[in-house]
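Just the one chain here, the form predicted on its own, laid out as structure tokens.
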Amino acid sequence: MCEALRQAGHRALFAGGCVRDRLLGIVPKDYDIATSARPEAVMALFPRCIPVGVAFGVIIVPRSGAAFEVTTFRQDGPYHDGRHPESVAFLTEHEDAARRDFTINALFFDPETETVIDYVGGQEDLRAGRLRAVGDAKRRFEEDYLRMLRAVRFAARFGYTIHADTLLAIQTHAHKITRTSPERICEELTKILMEGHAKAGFELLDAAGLLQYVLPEVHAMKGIEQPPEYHPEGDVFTHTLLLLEQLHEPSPTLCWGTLLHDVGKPPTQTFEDRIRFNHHARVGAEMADQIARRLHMSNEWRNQIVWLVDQHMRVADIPEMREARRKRFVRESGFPELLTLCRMDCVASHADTRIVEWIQDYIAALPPEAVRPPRLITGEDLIAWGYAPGPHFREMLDAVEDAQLEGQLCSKEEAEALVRERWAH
């Protein structure tokens, strides 16, 4: 791609994250190209391109199964919405570097000469393990408030410190993060949770003053004491951070379920015979639902996250459950994530994982047909036996399945006998 642009007489450089990652020895996930070619020249050169942001000089070019973002060197005009410039001017690569967010993301690489081009001191910051805004940090964040969350994410991902001026600018403008769309905030928080350094990420969110604005319910966990006999690790926030530290290649729903599993503790804390959090799972589920809606999560994500929060205390009761109820619980589609959450919960508190291990052994010993036995009767059978359709059909079918799960019947004749005995005409 760069070669094609150069042959057409244009300057073409790899830019941004792909350059940073290569210098860090990380295989880039995608490649962005910055060029002197105007958008119309790029579109003429690559007819199958996708003009996603022509006004801003951004063109997507599919090539060899990948999609390259090709952007014309530009300088941004004033920002009035905390996200988009009012106008752009197509200028030089030096000015293009100066309009980017952080120095480590403002590097270029010339594939023709195989040299890094650094106008902003990004290589020095990489060597120093430092995250620093390009130019005036205050201005960079006013251009796009989401950059404050991105600063936290990059610092956490790479284990970097945030430069003092950059951190001060974030702390000063943290309250403005709410001007960013909920979808973008959710996306950035999810990345912080999923990129392998969630604990460091949320510690930085708190230190930067952002946590209280993006997730006030999580910020409220700070200082909420727990009974030391069950939670020697400390308050609810400390406990939650210890769970986040255990996330390894997690799903988005497990991440959010882990973060919010005890979100109901602050409003339910009482001091009776000891510190208690009565019904905190149910209250937390309601709060998780509100948070998911506020961040515009999909229904699929929201339903699973709320279920994880709502059910996380029930796992300890599984060994004492009736067989039918136990089997119905462990066959829930989200149960593997729930069990993972509960293991982390144990490790982050009393460190006793025996119940989790009991459940794992129980599930491993169950043949599939014992968890989901073949249906013995249907609603049509009930009608054939003279029962009028209605809501009670569900109760009758469930009763038959419960008896199957308990090992009390295994034939259609036995199922019919059970129904006729309990629901006589």
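Computed from a prediction, not measured in an experiment: that's the story for all the values here. Don't overthink the numbering: it's just position in the shown sequence, from 1.
Keep in mind that the form predicted together with ligand ATP is not shown, yet the notes after this line are about it.
For this session: Would you point out which of 98-106, 160-168, 123-131, 255-263 contains residues with a non-hydrogen atom within 4.5 Å of ligand ATP in the model of the complex?
Result: After filtering at 4.5 Å, what remains is 98-106.
For this session: Name the residue from His231, Arg325, Lys138, Arg150 that puts a heavy atom within 4.5 Å of ligand ATP in the model of the complex.
Result: Going through each option in turn, the one that passes is Arg150.
Exercise. Of these, Phe154, Phe237, Phe202, Phe277, which has a heavy atom no more than 4.5 Å from ligand ATP in the model of the complex?
Worked result: For this set of options, the contacting one is Phe154.
Problem set entry | Contact of Lys29 with ligand ATP in the model of the complex (heavy atom, 4.5 Å) | Looking in the model of the complex, residue contacts with ligand ATP include Lys29, since a heavy atom lies within 4.5 Å.
For this session: Check whether Glu245 has any heavy atom within 4.5 Å of a heavy atom of ligand ATP in the model of the complex, and answer yes or no.
Result: Glu245: no, not in contact with ligand ATP in the model of the complex.
For this session: Answer with yes or no whether Lys222 is in contact with ligand ATP in the model of the complex, where contact means some heavy atom within 4.5 Å.
Result: No - in the model of the complex, heavy atoms of Lys222 and ligand ATP never come within 4.5 Å of each other.
For this session: Would you please decide whether Asp110 lies within 4.5 angstroms of ligand ATP in the model of the complex, comparing each non-hydrogen atom pair?
Result: Although ligand ATP is absent here, Asp110 would stay clear of it in the model of the complex, with no heavy atoms inside 4.5 Å.
Exercise. For the stretch 132-146, which residues lie within 4.5 Å of ligand ATP in the model of the complex by non-hydrogen atom distance?
Worked result: The stretch 132-146, when checked against ligand ATP in the model of the complex, contributes only Asp144 at the 4.5 Å heavy-atom cut-off.
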